[in-house]
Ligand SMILES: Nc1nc2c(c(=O)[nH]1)N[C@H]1C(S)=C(S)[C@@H](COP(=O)(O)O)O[C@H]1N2
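The chain below stands alone and is given in structure tokens; this is the form predicted on its own.
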């Protein structure tokens, strides 16, 4: 017996509308996928890629991750519009008419399920809420490839229909369709305008729905992981001294670090959740600390934090970042001594790196 489902009989549930919205959705998914790959490889580079990651432009990760989150949020609106348009055919009866039709239906089901999962988990991630037992990073990355593969297969199967409905045809495209597309475009614009300000400074005044406002935080920057969450206190940093390994290992106190020549750089810090902001950082170039330890150029590093637990308690830094003169062991932020939440007594700041790799509460720098 055929299940009873809502019946949508409007004229806009047609291939032309589906293709028109699909073009926008395909563009958003492509941007989201490519920028997501950039983010993943910057955070977890394969061994062969570690030496190829660029330190310039310094704002590169800020741009790509801002695009990633913005295109993902836009895709949520577009997916809902697309599903509304094709809804009658999603539940056509009988479910399949031949083995080939069954395969087509299964690929559509996979595409829809993977896309909804990817967008939902991405949305939850920018809110820093993780109600699932699996690793967000590895799962999000794996499902992204499923989305890409199933989308390519879907496009191949539907190529004739897409070709026939790619262009508008006078007398066929109705005012209702134009109104629908205008409404969908306005919804995408509204979502983008009210969230992208967390990465695009000129639009910050419209940042109404984004989870972070980079201008309304301690020392001018948001805080994702607090000292309390990392179980770091001022007491735990009492007697702190940085350990630097190499041919001539040494320990250096905070007072001694402050007595060294300081450099001030203006670098953005950009987070995987999509927010970013420029700031002035003052500290000692990592390269100066390595030279004192006799570490040759071209050496990668492992940086350890005082934090008790966390996925990023240790961080590996490829050689090109360690040798970059703007990579600092920062002691001050915007002219003030680092607050505990921002990494006191010392933290890493490097160009074109995700915020999770800008290690706070640094305790050890190890030459690899």
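Remember, predicted model here, so these are calculated numbers, not experimental data. Residue numbers count along the first chain shown, from 1.
The form predicted together with the named molecule is left out here; the points below concern that form.
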| query | Is residue 355 close enough to the named molecule in the model of the complex to count, meaning some heavy atom within 4.5 Å? | reply | yes
| field | Close approach of residue 68 to the named molecule in the model of the complex, 4.5 Å, heavy atom | value | no
| residue 305 near the named molecule in the model of the complex, any heavy atom under 4.5 Å? | yes
| field | Close approach of residue 225 to the named molecule in the model of the complex, 4.5 Å, heavy atom | value | yes
| request: Assess the spot marked by 269, 342 and 359: is the named molecule within 4.5 Å of a heavy atom from every one of these residues in the model of the complex? | output: yes
| Though the named molecule is not shown, can you say which of 284, 295, 221, 184 has a heavy atom within 4.5 Å of it in the model of the complex? | 221
| note | Note: the named molecule not shown here; in the model of the complex, the stretch from 321-329, 307-315, 28-36, 49-57 having heavy atoms within 4.5 Å of it is 307-315
| query | Taking the named molecule in the model of the complex, which residues of 273-295 have any heavy atom within 4.5 Å of it? | reply | 275
